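Here's a solo chain for you in structure tokens, the form predicted on its own.
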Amino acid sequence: MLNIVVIHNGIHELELMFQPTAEASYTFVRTGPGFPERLAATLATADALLVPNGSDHVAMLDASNVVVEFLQAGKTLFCFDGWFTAWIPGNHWQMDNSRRTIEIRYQIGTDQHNILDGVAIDELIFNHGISGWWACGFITPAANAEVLLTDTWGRAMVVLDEATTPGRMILTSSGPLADFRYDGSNSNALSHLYRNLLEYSSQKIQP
């Protein structure tokens, strides 16, 4: 089981999306005064840090040294949100709404570890028949990072980086990636992808 710390900056009912299961337990750390120190203390016994959609990336920049130390210890970072401050080592996110969403399609990249197995890519492309809903930008990946999913123009949407630090970073350009939806369902493509990421990360827990 992965012990996961989730960043919480007051998003309504965020806890419903990350409920304890046989695969993962969750501890929520609120942003606000003393955030870097509280995060560091909580991460001391964690396997992974998860930054969900809608997070406070100004607060994450303040805690960037904490994140780097966590990764240097061989742990896992999940970031499922476009990060507009430079707190993630080696990888950069760029907001871009200049492309026509009707043209957006996603394709599987290299995926050497079969993380996208069983994930319905069309569900990531279309939401109620509307394409391009899942990402409002793209990732410029670090050297030697693996690009799991690209868009119409070959830009990185999902990145696995196990080269920049001793740990691993699993990054998405955006998207409400979580185990559960607010209604409690977890049979959608995003939930499937999330559980695949948990399974892969659990294999990397150091004894």
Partner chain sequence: MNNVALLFNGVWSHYVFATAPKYRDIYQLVYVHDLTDARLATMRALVIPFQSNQDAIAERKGVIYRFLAAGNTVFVEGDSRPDWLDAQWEDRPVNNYWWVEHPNNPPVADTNVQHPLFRGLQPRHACWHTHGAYTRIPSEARVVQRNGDGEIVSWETNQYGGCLFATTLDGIVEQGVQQITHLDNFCDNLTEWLSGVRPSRERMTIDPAAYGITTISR
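These figures come from a predicted structure and were not determined experimentally. Positions refer to the first chain, counted from 1.
If you look for the form predicted in complex with the partner chain, you will not find it shown, but the lines that follow are about it.
You can rule out all but one of 139-147, 160-168, 42-50, 27-35: in the predicted bound form, only 27-35 has residues with a heavy atom within 4.5 Å of the partner chain.
At the 4.5 Å threshold, heavy atoms of Trp134 reach the partner chain in the predicted bound form.
Interface membership of Ala59, defined by any non-hydrogen atom within 4.5 Å of the partner chain in the predicted bound form, is confirmed.
In the predicted bound form, the partner chain sits within 4.5 Å of a heavy atom of Asp96. Residue contact check for Asn9: one or more of its heavy atoms lie within 4.5 Å of the partner chain in the predicted bound form.
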